[in-house]
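Just the one chain here, the form predicted alone, laid out as structure tokens.
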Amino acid sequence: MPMIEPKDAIAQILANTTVLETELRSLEETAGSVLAEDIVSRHPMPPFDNSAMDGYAVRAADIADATEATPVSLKLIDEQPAGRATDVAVGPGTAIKIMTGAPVPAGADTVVQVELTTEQDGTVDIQAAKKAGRNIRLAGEEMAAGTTAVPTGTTIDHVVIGVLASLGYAQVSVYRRPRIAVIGTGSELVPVEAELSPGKIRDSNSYALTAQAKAIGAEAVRMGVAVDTREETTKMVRAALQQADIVVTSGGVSVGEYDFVKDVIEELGGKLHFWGVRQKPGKPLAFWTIGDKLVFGLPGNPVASLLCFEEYVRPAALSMMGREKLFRPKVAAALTHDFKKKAGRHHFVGALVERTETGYKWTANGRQGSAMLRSITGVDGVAVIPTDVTEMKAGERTVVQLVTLPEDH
């Protein structure tokens, strides 16, 4: 099967990705999910006229001539804390002490903040005139009853949760989050806590990929490591398919004698869409579907594995969650040093990005290599060097994806 371009790879993946079904979730469990219903205000917001200040509820006409030198003295007739309403009305020459958020009493049309008053012996001296309506938040000024407060398709964050809570939504309909199963492969891999012996390395990919899945709000399960036998690989892939919407394997998709992943997935019913992408790192990336499940065969080298998740698995998972924006922001950034590569493949380069008065700049994060995790440690961008480019001079610009920022398109 011939290699394909990165843009064709992501196009094929998204063409085979469907949004998951909806479910009701309690408000506390919705952060990161996507709304599957319009949230309509069940009552005006605010629900009643309330004070925007600690101070005194008065009639504007009574204090029209008040100044610091010639204050107006009003009789205090009640106190209005937040959380309850008074049945006492403000009349000519009277005032009610009021707290922020408390309902504005009948008869009052303005609130004078406490800093402009002096209270003593049952009266309050008002030291400044205020027009009617000052320091009062009117019922419905944020939204009227029946207003669409948050539309379907909105990704729920802490602000949206606050709106939902204020409107009385204890649970809402959201698109289900995908469940992603991560499988490491390779007889050379040992558990993190194990001591190394000749020929062995610690499993890092399954931990890092699981963390990537959790970071986007997916439900993630780390299946562990399948040793290099057809039987073990089959057992673990089958178990992953039974419980996940997306299966991600790391390693075992090349052409080595012990690379069983491709054959096993196809024996289990996988339809191969592509195997091999014109990119570095990550050339042996493979993608299958089994029904409505997505299966990604990522390379075993750590940088290639994590980059392929970022570029291909992440957008697919976000699409399943009902997200409309799937891709990180892109900017044109100037290279700070010369750069060379071979023709024939796109290069994705871990980049340190700086925003200056004249635009963005980027610097390759040290020595690049698909097995060198430190080359992408702490980076805030991925520079994309096109296939046919073999050399760039300092100052030349290329596209950089800002991978620490949320998707914007």
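Counting begins at 1, following the sequence as shown. These numbers were taken from a predicted model, which means no experiment stands behind them.
Omitted here: the form predicted in complex with a small molecule. The next part is about that form.
Chemist: Please name which of the stretches 124-132, 326-334, 197-205, 137-145 has residues with heavy atoms lying within 4.5 Å of the small molecule in the model of the complex.
Modeler: Correct option: 197-205.
Chemist: Given that the partner is absent here, does Asn301 sit within 4.5 Å of the small molecule in the model of the complex, heavy atoms only?
Modeler: Asn301 belongs to the contact set for the small molecule.
Chemist: Is Asp259 close enough to the small molecule in the model of the complex to count, meaning some heavy atom within 4.5 Å?
Modeler: Heavy-atom contact with the small molecule at 4.5 Å: present for Asp259.
Chemist: Is the gap between Val72 and the small molecule in the model of the complex 4.5 Å or less for some heavy atom pair?
Modeler: Close contact is absent here: in the model of the complex, Val72 is far from the small molecule, nothing within 4.5 Å, heavy atoms only.
Chemist: Considering only heavy atoms, tell me if Met236 and the small molecule come within 4.5 Å of each other in the model of the complex.
Modeler: No - in the model of the complex, heavy atoms of Met236 and the small molecule never come within 4.5 Å of each other.
Chemist: Please identify the residue among Ala240, Ala102, Leu189, Ile216 with any heavy atom within 4.5 Å of the small molecule in the model of the complex.
Modeler: By the 4.5 Å heavy-atom cutoff, the listed residue in contact is Leu189.
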